[in-house]
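First, one chain by itself: the form predicted alone, in structure tokens.
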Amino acid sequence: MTQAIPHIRAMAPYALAELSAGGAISLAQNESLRPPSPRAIALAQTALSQSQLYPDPDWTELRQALSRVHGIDPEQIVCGTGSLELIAALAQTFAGPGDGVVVPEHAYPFFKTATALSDARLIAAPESGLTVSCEAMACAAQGAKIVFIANPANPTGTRIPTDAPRRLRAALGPEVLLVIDEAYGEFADHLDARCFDMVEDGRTVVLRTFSKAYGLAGARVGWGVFPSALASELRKVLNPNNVSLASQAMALGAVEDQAYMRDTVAQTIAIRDAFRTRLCAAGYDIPETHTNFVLIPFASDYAAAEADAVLKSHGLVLRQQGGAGLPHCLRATVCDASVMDRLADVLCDMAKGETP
């Protein structure tokens, strides 16, 4: 019987979020608070009428729009079907069997999947207070090929200031590729300067996505800023027609409507912070978050599982975090304020020892 190659057979399937069913509301996938910009939808409708054509393999209009908004050389931009494709391609291109790939202790689980796909060796560096420790990452990276960090981080929601990745880069050897995944970067851009200029050293990549702040999770569009030499190598392993015609059009419309995106971010932050404040007042120890989700720690793994069951009985589906090494936590995506109030009601009742 035909079998997969050994390191693929040894992999566990990637654990997807539990989807809602029977009228339940899913707060498990970090989807956007609201639909994409009307301009994105309008451009997609036009693109659909041209679906007999292959998409632009160079994402030309989208790269030019991103260049105008972020002040980036368009030749340094590479697009993918979500940032997941770019993460997997980076691991496949720059790490091989037995090579060390360093991730934080509570890393975004797909970093681990990408490492396994390349038959590389995963090295988990300790975190400090659910936050990436650049010192621990640098120590763990001796002899490694790639260091992955997410900033802000998933699933913790915490972030390190912009000078921290710069210190990490300085501490890494010249042979180590640093990949900074900023999937939630738009929720923290107002705090300090961005990291896009770090790619100029030739050893750093910065990734972003349209799935979160832009509301295009279903369109699957990610992008990154790459040193030119690395971009050329990475493109060898990408599908040459990876981002569909309609998805490129939607992303173009979304990036051209920065006001809509910023309003989405502002609404999300307001609802998120009100929810977190209410839970903290009820006695929950909620880490500060810089994303569109909230991590909710419980007293034990059992308490988290019990809370999960109670929430499901109320038609609310959160994301369990055992896969990120946090089995005592649930993660809640920020959505409509009425839903967050309903979630807070149940959790606050549980904190008071009441059975909702």
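We number the residues from 1 along the sequence you see. In this text the structure is predicted, and so the values were computed from the model without any measurement.
Below, we refer to the form predicted together with a small molecule, which is not included among the displayed structures.
Participant: Considering non-hydrogen atoms and a 4.5 Å limit, does the small molecule approach Y184 in the model of the complex?
Facilitator: Y184: contacts the small molecule in the model of the complex.
Participant: Can you tell me whether G157 touches the small molecule? I mean in the model of the complex, with a 4.5 angstroms heavy atom cut-off.
Facilitator: G157: no contact with the small molecule in the model of the complex.
Participant: So in the model of the complex, does any heavy atom of L84 sit within 4.5 Å of the small molecule?
Facilitator: Yes, contact at 4.5 Å.
Participant: Answer for Y108 alone: is it within 4.5 Å of the small molecule in the model of the complex, judged on heavy atom distances?
Facilitator: Taking the distances in the model of the complex, the answer for Y108 is yes, it comes within 4.5 Å of the small molecule.
Participant: Do all of A150, T209 and R220 end up near the small molecule in the model of the complex, with near meaning a heavy atom within 4.5 Å?
Facilitator: Every residue of the candidate spot has a heavy atom within 4.5 Å of the small molecule in the model of the complex.
Participant: Counting any heavy atom within 4.5 Å as contact, can you tell me which stretch out of 263-271, 76-84, 167-175, 124-132 lines the small molecule in the model of the complex?
Facilitator: That would be 76-84.
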